[in-house]
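So this first bit is one chain, no partners, the form predicted on its own, shown in structure tokens.
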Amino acid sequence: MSVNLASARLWRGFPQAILACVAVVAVAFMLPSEGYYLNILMQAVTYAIAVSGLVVVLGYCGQISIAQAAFFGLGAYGVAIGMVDYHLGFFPAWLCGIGAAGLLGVVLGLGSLRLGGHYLAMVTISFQQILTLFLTNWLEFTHGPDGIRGIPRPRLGPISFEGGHAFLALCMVTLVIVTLAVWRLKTGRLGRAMQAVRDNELAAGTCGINVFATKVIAFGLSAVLGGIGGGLFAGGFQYISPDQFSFGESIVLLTMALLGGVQSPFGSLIGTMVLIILPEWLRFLKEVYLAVYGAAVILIMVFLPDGLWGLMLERVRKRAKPILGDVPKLPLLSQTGAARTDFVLTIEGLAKHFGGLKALDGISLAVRRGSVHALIGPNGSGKSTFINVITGLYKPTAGRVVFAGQDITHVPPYERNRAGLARTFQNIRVFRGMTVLENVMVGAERPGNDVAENPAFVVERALAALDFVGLRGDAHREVGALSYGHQRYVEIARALAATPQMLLLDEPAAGLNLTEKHELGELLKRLKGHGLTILIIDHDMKLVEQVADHITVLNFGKRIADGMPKDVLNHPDVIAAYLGEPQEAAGAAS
């Protein structure tokens, strides 16, 4: 990436951020400087910062965390203990609290390697409860249930934040910066990787994303944001105690995120303001205000599952216009050529056993660069297992896989993709929470791709791939709104945007009607004409005959035929396998 481009990315949106900060500072100095309403505003702003952490870990990455109040508390106690007991300045103490929160967030994220769903939720709840016990019972360090009083507010050179106006302005400026940073994260490479992990971990791994590292980063960032909010909370209220950071508060923070819309920091901001300010607006109802407040929250969450922000975002998406203008064509379109003599993929004695079942039993084959190699066989013959072993989703029992001269037998899926091995799935695996364009951008951002580090070029590459499959006009639609056949094309476009050396297609014609199959055949012919190496699995013999240069046939996990299409399809063992006759009988009859 050039220096000019890096600078442009850094400064993009900077003037708007400065204006937003100036605006919130002006607003802060017009609000009450002390008393009840200042406390309400201080709570709303600091909570909103912590809730933005849930947007990262839950909204973006799909990992359930019910421990955000714990990280909020770590930030608060970092400031309180650092300033009161160790006489540090506010900002060094704040950094200590944020660092402690971030470190424990990463440790908690490491547990996501083997856990997910409700099991991961239970771990985060346990972490929350352990921290509460720690804060309550370690009297010498945390001051126990009585809490810590007299937390001073900071000074920064000649600037004092001791007054209510000034400290509220600091909190609001921090909220603006955090909100914009979390929003920018979603539209960047890391944010799209998180969303891909959220929607489909298997597909994310085969798109070059290190799933485990992405989850750990999400937990770490979420914890850091919780620590930032907690440190400001301690300075704002100048008193903290363990009950302010209990399990119940984690539930409150989670409700705020879900109410406003957990997939956007603007949604979390709305949800926080509603849950903190709405009860104050409803106090005129006296005894019944809490019931009305609870009913309002329930109705919003039942009828607006994507939150208040999701309702607004849906209207914006409906008004999105097609992206016009020419973009550079896919690199593969600039090349032509037939199959070459060298091999891009070599398989030696590949075996995969599931207990006593030998799904693959000593298969060897080689795929020539620039060819279309078909892998066929009856149901249960081991074809999909073969693809899953090749792409690293299954570990082989025995054998060796060599791709582009590199032994990748024990390489994880994301590294195989980064080496240039792309695939589609028998059961479609698109990222359903993202648009068509964002799905394909995930493919274009494969580390090692020529455009991966340049956001503008990534968009162009994704649009070029959509042009190739004829879906440019659907770029801004949510991928789940497309037909089944068009979702197949999105998978293919995502793979092509990665500029792979080899494309593996696992039953691409499955579920397509006759028209869609014909269009798929024409698409594969075009790819073949540009010299892309393709390994295809399919039951549609007409499609296979139409595009294949070479065919390998599997049955009961073994290779029974290999060669030119005409010879293989007339082989007696192949005919017997498809007709269900014993191979020995078929051989005798022939």
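Each residue number is its position in the shown sequence, starting from 1. Computed from a predicted model, the values in this text were never measured in an experiment.
The discussion below concerns the form predicted together with a small molecule, not included here.
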query: Partner contact for residue 394 in the predicted bound form: the small molecule, 4.5 angstroms, heavy atom; finding: yes
query: Non-hydrogen atom contact residue 383 with the small molecule in the predicted bound form at 4.5 angstroms; finding: yes
query: The small molecule contact in the predicted bound form: residue 379, any heavy atom under 4.5 Å; finding: yes
query: Partner contact for residue 302 in the predicted bound form: the small molecule, 4.5 angstroms, heavy atom; finding: no
query: Contact residue in the predicted bound form, chosen from 139, 357, 514, 159 - any heavy atom within 4.5 Å of the small molecule; finding: 357
query: Candidate from 426, 200, 371, 263 lying within 4.5 Å of the small molecule in the predicted bound form - any heavy atom; finding: 426
query: Residue stretch of 251-259, 124-132, 384-392, 160-168 approaching the small molecule in the predicted bound form, non-hydrogen atom distance within 4.5 Å; finding: 384-392
